[in-house]
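Before any questions on binding or motion, here is one chain by itself as structure tokens, the form predicted on its own.
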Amino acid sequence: MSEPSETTVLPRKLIIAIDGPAGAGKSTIASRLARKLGYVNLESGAMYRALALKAIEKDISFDDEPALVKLAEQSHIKLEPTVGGNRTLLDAHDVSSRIRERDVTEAASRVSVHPGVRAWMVLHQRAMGAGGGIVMEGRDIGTKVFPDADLKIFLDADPVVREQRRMEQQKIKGEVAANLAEDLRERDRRDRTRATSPLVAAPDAVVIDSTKMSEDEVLERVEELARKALNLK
């Protein structure tokens, strides 16, 4: 009989929520943690980006909530795990690369403020993660989507550091970098002040300030918390 692998010895499958502002490293940590645990990484941001892309393609105003909700109801958004990360499928088309471009990023931030859009997203995100075995990152996962998650983490960092990380990640500088920094500050403002599901740490979330931490150090800390949660269940 072969030895059990790391991903088969876990006693049960958790729902892990990772929230935080743009540029805090949520997506990278969630992806790496999911691979470590043999879980699925559900990217809420990718779902909002996919809807925003469709709004761009259909020339629908980002301020027209009824039209955006109707568009969402007519859309099929699927996250397909692969060795290199999730593929995002919009109506069966792979839009994984397109949704990372700046115009879609900005559009997603504007589309996501609408209560009707968020309600539709939450419904589908809950259905996707109901069985556990997921790591889901976003801005309201621990407070709204999965308030009863087994482990809640709020990943944050100094705004200047988050801006620098995003610039390095996208390999940009000069005027474009200045514009990106301004975009991040505006996204922070919208996320933290929106009426529906504003960006806040859940009362029972573990807050991790990654300002002076490396990516590996953050992953080690988060994995430690996940293993502890597993032992308690």
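All figures in this text were calculated on a predicted structure; none of them were measured in a lab. The first residue of the shown sequence is 1; numbering continues from there.
Although not depicted, the form predicted in complex with a small molecule is the subject of the following passage.
Work out which of Leu79, Leu151, Ala108, Leu90 lies within 4.5 Å of the small molecule in the model of the complex, going by heavy atoms. Of the listed residues, the single hit is Ala108.
Name the residue from Lys70, Arg185, Arg35, Arg194 that puts a heavy atom within 4.5 Å of the small molecule in the model of the complex. Contact check passes for Arg194.
Which of 111 to 119, 126 to 134, 151 to 159, 82 to 90 lines the interface with the small molecule in the model of the complex (heavy atom within 4.5 Å): Only one stretch qualifies here: 111 to 119.
So, in the model of the complex, is Arg98 in contact with the small molecule at a 4.5 angstroms heavy atom limit? The answer is no: Arg98 has no heavy atom within 4.5 Å of the small molecule.
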